[in-house]
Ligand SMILES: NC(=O)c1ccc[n+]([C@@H]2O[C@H](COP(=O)([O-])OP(=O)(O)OC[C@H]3O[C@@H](n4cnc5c(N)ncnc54)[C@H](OP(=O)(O)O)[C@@H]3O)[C@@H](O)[C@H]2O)c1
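As structure tokens, one chain now follows by itself in the form predicted alone.
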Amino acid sequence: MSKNKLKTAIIGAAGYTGGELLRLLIHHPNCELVYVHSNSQVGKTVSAVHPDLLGDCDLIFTDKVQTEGLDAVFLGLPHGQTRAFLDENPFPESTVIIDLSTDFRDESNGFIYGLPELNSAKISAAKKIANPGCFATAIQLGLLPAIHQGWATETVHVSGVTGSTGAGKKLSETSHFSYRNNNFSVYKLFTHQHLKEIKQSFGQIYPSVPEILFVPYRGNFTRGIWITSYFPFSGSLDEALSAYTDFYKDAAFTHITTEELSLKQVVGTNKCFVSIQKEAGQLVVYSAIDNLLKGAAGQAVQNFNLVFGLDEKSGLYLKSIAF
């Protein structure tokens, strides 16, 4: 490996998000993946757990935590376990920590909320980054320009559908094939845990945060998130398009259109596509992402690129499945 490559590790690399991080980092031109950690897959090769990586990676899962000699560490631990892990395994202050759990999204313990379209300057100067949630990413990217303009002063209605990988690799009744296939269901009506970080972010750019009534759905597909948001809007579609385009003019992966979207346009990529329309006095906003990439691992690598002054798209030139 080149001495110029940044030494990285993944803690918790056996699940869906950890697997995506592996796929991205082993091909990242500026990264040397030093080790991959898993308590459940110790001693197994990476390709034994992620068979598609046969021939791409010869690392073996370890349950030993090496804290020294790393430029960055990605934490893919279950929600609620990261604080205790960092207490037991303190990393040098020079090591960049990118956490994909919910534990530090309130920006406690010196963490910066890692939504590049909102906090790119802070992220670039940070040593600790809390990666946003998948639903939170898709909802915020759909609504941030409107919140910034002060347009969403009344209740914002949001519905969102996520694929089964959003529930994690460990099986539960509602992620099992027999339940999920040819099925559709609501969960956590108006109470989804990502609402907290969404309102926190909105509060950074506008003093009055509207009520958000969010209806999350389980979809009968594996990857992707589709969000529909709407609220009363007296302006024109051209006005909205101008504001949205200007807000994201420097965004590497978020793109605005008035054309119809489909989920497959973004699945397999780190992109977020946002489509807007004006109908019945409402501004209707559709936003779509891949929950495992822009909603998790891809965004984590985007933050990694920002921290180390790399091309923001480095290692993330990915193609959609399209059809």
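Quick caveat: nothing in here was measured; it's all calculated off a predicted structure. Position 1 is the first residue in the sequence shown; the rest follow in order.
Omitted from view is the form predicted together with this ligand, to which the following refers.
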property	result
In the predicted complex, the one of 292, 285, 272, 36 near this ligand [non-hydrogen atom within 4.5 angstroms]	292
Listed residue (9, 22, 14, 307) with a non-hydrogen atom within 4.5 angstroms of this ligand in the predicted complex	14
This ligand in the predicted complex: contacting segment from 153-161, 100-108, 203-211, 238-246, heavy atom within 4.5 Å	100-108
Contact test in the predicted complex: residue 46 vs this ligand, heavy atoms, 4.5 Å	no
4.5 Å heavy atom contact, residue 41 to this ligand in the predicted complex	yes
Partner proximity in the predicted complex: residue 296 to this ligand, non-hydrogen atom cutoff 4.5 Å	yes
is_contact(residue 134, this ligand) in the predicted complex, heavy atom dist at most 4.5 Å	yes
Neighbours of this ligand in the predicted complex among 50-79 [non-hydrogen atom within 4.5 angstroms]	76, 77, 78, 79
